[in-house]
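Just one chain is shown here, as structure tokens, and it is the form predicted on its own.
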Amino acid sequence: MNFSLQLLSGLAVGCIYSLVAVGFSMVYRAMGLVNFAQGDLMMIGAFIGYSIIVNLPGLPFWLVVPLAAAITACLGYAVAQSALWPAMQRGASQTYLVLLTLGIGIILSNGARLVWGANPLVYPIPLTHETLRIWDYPVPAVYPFIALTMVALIAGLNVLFTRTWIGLSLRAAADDAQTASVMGVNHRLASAISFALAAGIGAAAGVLYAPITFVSADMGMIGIKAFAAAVLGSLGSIPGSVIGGFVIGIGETLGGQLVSSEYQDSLAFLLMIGILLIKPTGLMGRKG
């Protein structure tokens, strides 16, 4: 029974890692950029969700998630247009761009401390403390929300990228920017929209994760594991990011249970290294 509960926990955490990892892959595919501010955008989204709950206490939690995601997506759009794209236009190197995203993440983290304070905050909603009884064991009631939101977001992205003109334009700009621009696709706008979508998805993950733990300015550290999940699944692949998130989430949870929770983080990265040694291109990668 305990193994089953740990598996459920690993699946829930894996959903969070997967959503943030999807954001990494979307930005990488659209802009050729590793966005190390993705975890901090997740953190900002969680704080925005907290503010929404405090100021609109009667708002259902399932509405808090898309509202916080939309606000964070607007922030992501502004960051892409004002900071990242100008640097890319000037021909900035990948090293510079990575440092730029790290700097943006630090600014977001310190900004969160100024606005919301340095102390961790707990979502003031019943869902934070509610549990479900599974095999006579208590399980956080937020788990179904996490699973349903994960499925809805991935399904929504699939529809967006395969059935809508905007989604097809984003894919075209990501695959061949020059040809897409000839066809009338604005590469700068497409890149900014992709970055905004990634920020919104990360924010949704932050709002969903907050009831399990709490919200703090250090929450963005989850982005490191999510990046590992994206690399494990093949950076740039959305299906691979989802799979990688589940592998890392389940692996660290079960590994922490079998060995020790003190080594949980190390086990997650050891798992990633072991898989990449066998398949260097990632789980969804192809041999060049």
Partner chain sequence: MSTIAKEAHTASHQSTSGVSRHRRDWAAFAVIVGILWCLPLSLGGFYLYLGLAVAIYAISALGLQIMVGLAGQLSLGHAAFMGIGAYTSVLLQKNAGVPFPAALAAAALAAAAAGLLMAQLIRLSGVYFKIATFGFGVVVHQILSNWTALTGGSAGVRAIPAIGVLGFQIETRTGLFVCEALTLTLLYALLIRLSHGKIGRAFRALGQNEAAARSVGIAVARYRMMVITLGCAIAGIAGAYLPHLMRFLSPESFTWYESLTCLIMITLGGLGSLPGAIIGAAILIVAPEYLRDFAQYKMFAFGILLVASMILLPRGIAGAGMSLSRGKRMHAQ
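Owing to the predicted nature of the structure, the values given are computational and were not obtained by experimental measurement. Between two forms, the rigid core is defined as the largest C-alpha subset superposing within 1.5 Å. Positions refer to the first chain, counted from 1.
In what follows, reference is made to the form predicted together with its partner chain, a form of this protein that is not presented.
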Do residue 247 and its partner chain come within 4.5 Å of each other in the predicted bound form, heavy atoms counted? no
I'd like to check something about residue 4: if you look in the predicted bound form, is any of its heavy atoms closer than or equal to 4.5 Å to a heavy atom of its partner chain? no
Within a 4.5 Å heavy atom cut-off, is residue 189 in contact with its partner chain in the predicted bound form? no
Answer yes if any heavy atom of residue 110 is within 4.5 Å of a heavy atom of its partner chain in the predicted bound form; otherwise answer no. yes
Are all three residues 147, 158 and 243 in contact with its partner chain in the predicted bound form, where contact means a non-hydrogen atom within 4.5 Å? no
Just one of 172, 75, 193, 100 has a heavy atom within 4.5 Å of its partner chain in the predicted bound form. Which one? 100
Sequence order please: the residues of 11-47 with a heavy atom within 4.5 Å of its partner chain in the predicted bound form. 28, 34, 36
Is residue 11 among the residues whose Cα moves by 2 Å or more between this form and the one not shown after superposition of the rigid core? no
